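So this one's two forms of a single chain, laid out as structure tokens and tagged structure 1 and structure 2.
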Structure 1
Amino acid sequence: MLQRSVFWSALAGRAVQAVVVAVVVGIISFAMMQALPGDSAYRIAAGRYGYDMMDAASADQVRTELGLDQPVVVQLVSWLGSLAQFDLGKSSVSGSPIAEELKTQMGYSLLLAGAGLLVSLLIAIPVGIMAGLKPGGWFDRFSLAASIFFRAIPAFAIGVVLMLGFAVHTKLLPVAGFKGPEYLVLPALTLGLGLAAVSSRVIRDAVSEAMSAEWRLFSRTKGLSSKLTLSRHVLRNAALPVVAYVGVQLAFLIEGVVIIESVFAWPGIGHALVHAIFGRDVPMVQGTALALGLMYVVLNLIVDLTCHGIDPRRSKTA
């Protein structure tokens, strides 16, 4: 009963947050697009017909068709009204339903985000545990230096270096795009290195604190071996702050997805967002920004429920 109430409480809280995110993201993205210099109708007409075929008449036609000549407030209210009916509208450039385009793009973005998170955990967990078991040792100092190095370098710079090393010069992996699993390696590694740089230190601190806790010493006096103490007590207690930090790191994950998709021409939401901004495709910008914001809310809900499930204190009182 307690578990069910916690689930519905978390779900209700995140549902309210999703509504707020949808409204705020839509308004902010709309306002930012309106603040850009130049005539949106000309850019949209160029995206539709090409710069060579675009003229003032085609721009006027686009302006009338899309209602760009209406007051800004009217345009925003119209979009919010459509959103209330779960209608994201159509792309101003391609004319395709935004929901259909996002459905495909979201799959690629989630694939990249999941692969990057998996790579970061495969790196951060063993590195963090080894550093936390012997804090102050040579491996701890080395991992700290590596963490600072990879965290200080922008994600796009790491991506360019990996692209030059593994794709351009050695030709071991493809450069960009997506035509198979091998195209996922470099983007996921780029995203995972940035995430692991910080999460490995969080794991290190959690393991180090758990190793020095009184309950850990008590478990040893009961006769448990070092391996059993580590697996049954230390790692589970250390997992809670690590999983909680993953929720904080989701913002960097989503930000990294947008940047890395642009670098590697990955066909996801981030790549579509950048192209929509350049093309002044306001409905597409609002739709992609909304999808990224809601993805952040959903992932945070998963983190909340995971933290509740692995919390040792709850298992003792259950």
Structure 2
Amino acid sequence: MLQRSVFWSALAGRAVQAVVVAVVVGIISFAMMQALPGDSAYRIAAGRYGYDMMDAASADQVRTELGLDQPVVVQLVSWLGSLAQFDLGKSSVSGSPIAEELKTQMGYSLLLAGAGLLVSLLIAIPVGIMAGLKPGGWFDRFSLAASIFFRAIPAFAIGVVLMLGFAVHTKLLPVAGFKGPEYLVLPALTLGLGLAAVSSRVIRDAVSEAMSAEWRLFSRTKGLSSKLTLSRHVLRNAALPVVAYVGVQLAFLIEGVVIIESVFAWPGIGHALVHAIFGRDVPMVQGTALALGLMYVVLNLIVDLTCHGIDPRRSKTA
């Protein structure tokens, strides 16, 4: 009973957020695209035809074709109008339906983001727990130093080093592309290392806080081994702030994806977004931003529900 009501209220809250996000993101991205300097007809022509072929004539042709000389308001209203009918329009640059482009690119990005998140947790959880069990110990200090290092080094540098180590020298994995599951490993690892740099610290803090709680000591003195105490009590309590943090991290995850997609020639949405901004592909930018926003909302819903799952106190009060 309670569980179900929690589920629906969380869902309803996020549904409201989704609509807000859709409208806000659409308008903001549209407004900002309009504010960009430069003539969008030129940019679109450049995006389409490449520098050997684009010139003023092709720009003029693009302008007429896409109706870029229409008033701004008309363009926005028509976008919102088609959005209400779940139509995202067509890309100005490639001409293909945006929904279709997003479908492929989003799939690849989700795969990369998911794998990156998984890798980050695979790294951060053991490291964070180890560090949190002995705050101030040598492992804690070492992992802090490592965190700072991985936070300060740009993702592309990590990517290049990994490519060199795993693909060029040892030939264990392919460098770039997306032809099979093995192509996912390096980009996911690159992404995961960057994410783990921060999340391992969050886990460490949560664990060290749980470790100093009185119930932790009681669990030990009532006779449970330190392992059982960790697995039955500490981790569950520590998971709460960690899961909540993952919610925030998701936003940064989406951005990390951009660089990594570029380095590893991964056909994802972040890479597409950058091109769309440069190419002044307004419908594409709006569509991408919208998709990313909604993805964030959905993932946050999952985080919410996970928190409720971990913490029975919430269900009682909700």
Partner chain sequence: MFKPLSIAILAASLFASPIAFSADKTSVKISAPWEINSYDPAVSGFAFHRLQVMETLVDADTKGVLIPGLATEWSATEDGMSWTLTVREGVKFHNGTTMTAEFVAKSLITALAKPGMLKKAPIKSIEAKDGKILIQMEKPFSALPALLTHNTTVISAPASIDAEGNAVAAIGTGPFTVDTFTPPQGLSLKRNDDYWGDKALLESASYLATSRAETRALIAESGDADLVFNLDPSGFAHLKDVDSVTAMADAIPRVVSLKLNASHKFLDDARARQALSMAINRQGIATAITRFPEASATQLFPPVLSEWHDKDLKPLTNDVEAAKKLLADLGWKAGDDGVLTRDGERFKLLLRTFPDRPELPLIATALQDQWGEIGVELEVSVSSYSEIPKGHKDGSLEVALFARNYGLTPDPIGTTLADFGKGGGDWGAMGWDNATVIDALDKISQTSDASVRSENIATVVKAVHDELPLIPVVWYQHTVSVAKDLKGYVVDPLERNYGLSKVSWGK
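By rigid core we mean the largest C-alpha set that fits within 1.5 Å across both forms. These figures come from a predicted structure and were not determined experimentally. Residue positions are counted from 1 along structure 1's sequence.
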Displayed copy of the chain that is the form predicted on its own:
1
If the two forms are fitted on the core, does A155 show a Cα displacement reaching 2 angstroms between structures 1 and 2?
yes
Does P181 show a Cα shift reaching 2 Å between structures 1 and 2 after rigid-core superposition?
yes
Is G293 one of the residues whose C-alpha moves 2 Å or more between structures 1 and 2 after the core fit?
no
Following rigid core superposition, Cα shift of D60 between structures 1 and 2 in Å
3.6
C-alpha positional change at Y51 between structures 1 and 2 - rigid core reference, Å
4.6
